[in-house]
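Next up is one chain by itself, shown in structure tokens, the form predicted on its own.
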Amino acid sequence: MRITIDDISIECEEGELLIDVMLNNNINIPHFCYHQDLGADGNCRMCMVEIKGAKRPQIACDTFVKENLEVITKSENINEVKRSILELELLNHPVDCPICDQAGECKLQDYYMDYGLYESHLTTPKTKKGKAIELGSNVMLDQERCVLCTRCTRFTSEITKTGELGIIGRGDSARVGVAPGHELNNPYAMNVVELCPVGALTSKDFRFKQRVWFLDTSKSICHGCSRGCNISIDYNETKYTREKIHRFRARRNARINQSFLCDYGRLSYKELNNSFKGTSSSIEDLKELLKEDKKLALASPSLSLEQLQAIQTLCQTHNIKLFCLAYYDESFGDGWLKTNDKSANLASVKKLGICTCQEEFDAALQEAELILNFDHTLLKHQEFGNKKSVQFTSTHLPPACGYCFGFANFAHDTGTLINCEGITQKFYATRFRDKNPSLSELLEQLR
């Protein structure tokens, strides 16, 4: 069907929420409580619109589209409604934007600037609430900044079903909190920081580390398991420091991870800041080593499809037995986003026909005289006695060995992953390239 929003004709499906139609068509509609992956709650009223034929403004998060619906989002009447709502939100809100970690990403700040509510009618002192409260799981709470949108409480009650957070008190005293003696403690707890539209919930891990307007962002894929959750990598490079990744954020993909990310994956950015730089030997030395008779290569199942193809080509050229063992952890999966297969790209390994048999690998390892390890954790810190070994590593300092080559980690490379459901996805390099070459470029020199 077709509807009209601000004189623009929009095509949509019967039964869709009006607010979803707007968000999916990049039409700006202010909202606090609504979230596409939490559903409607209807408590903030910021998404008010005028509908032709209706007696009064309606909230877009509780209005279903119908044929020939005519909607107005910008009028003096609607703007005055939003200003009135903002005035209520700002009555007890602290004026601390300069020191708030959410500054630059705060919806209350944005809407305040959009609708021009610059004068307060408050004649009594602001109600004081808790500041810098540690909830657990790297989450900090500032109760004075909360707009009571209930996104966080709905997440713990409806998504994780752990129920740690709730609204305590009434009226001006209403605030988000945990029960006395309890804390926020579940594998997805840090999602509430991203869900919070203001600066009430902030990340202890990221808090006061960097201003968001100094950060660049690249689109990537979490490599923590085979789910392939979509992420944004936020990073920068200052005048006096090298490029540094500051955080991972969930990037919405309705088919895979919606708007969520597990805490394990969210914090896995730290290892990318610990790259091995340079090499401890030359390409010419490696070419001589490849003349050995009994050779074996082990590749990480979290390498990209392009990297695996480059390794496979090298192994075929030099008659090297190639293996790729999966990273399985039966205690890791939870039936939602986390899977027991902690390999980011095992589906690509199988697509290329690379051997994944542990028994065959163990037998080949015993006979091999030269071992090439392509970033697999199994052999990264292992001693091989009289055997010669070459380490190709993207993160962490390698063990003391004679031959070691650093290559760019996935934040600094572009590639393809196939997730546990067979969905092919691309990830993209940050704007600042790693000083190390990509693995494909490195292996090209060995042909």
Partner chain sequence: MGIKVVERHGNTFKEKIYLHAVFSGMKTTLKHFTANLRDASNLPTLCYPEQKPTDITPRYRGVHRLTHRKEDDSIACVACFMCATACPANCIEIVAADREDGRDEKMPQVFNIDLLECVFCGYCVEACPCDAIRMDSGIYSVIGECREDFIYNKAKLLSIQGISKEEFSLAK
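Residue numbers count along the first chain shown, from 1. Everything quoted here is computed from the prediction, not taken from an experiment.
One more form of this protein exists, namely the form predicted together with its partner chain; it is left out here, but the text below deals with it.
Proximity to its partner chain in the model of the complex holds for none of 126, 171 and 175, with the criterion being a heavy atom within 4.5 Å.
211 is the sole member of 219, 294, 287, 211 with a non-hydrogen atom within 4.5 Å of its partner chain in the model of the complex.
Scanning 376, 151, 247, 145 against its partner chain in the model of the complex with a 4.5 Å heavy atom cut-off leaves one residue, 145. In the model of the complex, at least one heavy atom of residue 131 sits within 4.5 Å of a heavy atom of its partner chain. Within 4.5 Å of any heavy atom of its partner chain in the model of the complex lies no heavy atom of residue 179. In the model of the complex, its partner chain stays beyond 4.5 Å of every heavy atom belonging to residue 355. Using a 4.5 Å cutoff between non-hydrogen atoms, residue 99 counts as a contact of its partner chain in the model of the complex. Residues placing heavy atoms within 4.5 Å of its partner chain in the model of the complex fall in a single listed stretch, namely 234-242, out of 359-367, 234-242, 188-196, 259-267.
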